[in-house]
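First comes one chain, alone, set out as structure tokens in the form predicted on its own.
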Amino acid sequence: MQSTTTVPGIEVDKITQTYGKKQILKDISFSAQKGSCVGIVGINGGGKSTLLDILAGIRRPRSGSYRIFGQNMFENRSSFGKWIGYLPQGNPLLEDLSVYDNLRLWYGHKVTPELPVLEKLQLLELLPLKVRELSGGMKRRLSIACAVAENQPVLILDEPSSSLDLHQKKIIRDFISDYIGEGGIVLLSTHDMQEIRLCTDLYYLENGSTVRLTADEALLRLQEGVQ
């Protein structure tokens, strides 16, 4: 991980976003410390991906502030890649290249069998394969490996194991646990029960605002489709 100081890891304060006259996010605020996992849950279309895109530097908010280890991210947008690894919902990989060549685009010549992320995400045997030959779970694991190429202290994951089988989910869940255990911070959007239970803090997006809940409370709201 990148070296950090003793200031709070992440400070999000009153993030607001609108589309036309519709307010999607309303004064979103939370904080996170090293070695924690913040879950952002809610029904589809509730603004989770919009929030994660803002926190990953993909979109600009209408208002609000955002600091990582004291750094004002909205004033230093060139530093997003230094601090944050990001896994979007879509596939960011180049399908016609091999797993190895996709990794080299991110890691350069540092891609060797000794690279720890290859073992953690079980990618070693996949290195010669074209991305188009991979299953959905294999692509997600490769995408996560690419996302953390700079050894960033913050990892943002948007539905990392959606529609994957139990084996693929476990590999990703174990990686998240290891990342947190090594002092990283994970921001996670998910509907997966076991991923929800990994979270040290959990926020339900409801009518554009966040409500802090326990895992059981969040699961109940998801089952009931609370907006």
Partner chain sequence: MKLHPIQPLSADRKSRQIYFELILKKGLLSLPRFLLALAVTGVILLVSALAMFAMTGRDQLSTTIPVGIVIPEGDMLTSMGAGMLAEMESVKSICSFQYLSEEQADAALSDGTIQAAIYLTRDLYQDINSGVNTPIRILIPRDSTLGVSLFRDLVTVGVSMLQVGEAAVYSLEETADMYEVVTPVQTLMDDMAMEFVSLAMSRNAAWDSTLLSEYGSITMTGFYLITAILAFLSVFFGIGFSGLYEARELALEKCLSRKGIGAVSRSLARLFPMTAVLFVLLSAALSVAAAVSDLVTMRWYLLPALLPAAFCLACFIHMIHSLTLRTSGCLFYLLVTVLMFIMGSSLFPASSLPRILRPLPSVLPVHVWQKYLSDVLWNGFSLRSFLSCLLTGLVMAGIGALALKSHEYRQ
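Numbering follows the first chain given and starts at 1. Quick caveat, the model's predicted, so the values are computed rather than measured.
Not pictured, yet referred to below: the form predicted together with the partner chain.
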remark   = Picking from Ile58, Leu198, Ile43, Ile171, the single residue whose non-hydrogen atoms come within 4.5 angstroms of the partner chain in the model of the complex is Ile58
ask   = Is the partner chain in the model of the complex near all of Tyr86, Arg104 and Asn151, within 4.5 Å of a heavy atom of each?
value = yes
The partner chain contact at Gly81 in the model of the complex, heavy atom, 4.5 Å = yes
ask   = Is Glu95 one of the residues lying within 4.5 Å of the partner chain in the model of the complex, judged by heavy atom distances?
value = yes
Pro116: touches the partner chain in the model of the complex, heavy atom cutoff 4.5 angstroms = no
message = Can you tell me if Asp53 lies within 4.5 angstroms of the partner chain in the model of the complex, counting non-hydrogen atoms only?
response = yes
message = Heavy atom within 4.5 Å of the partner chain in the model of the complex: which residues of 61-76 meet that condition, in order?
response = Phe69, Gln71, Asn76
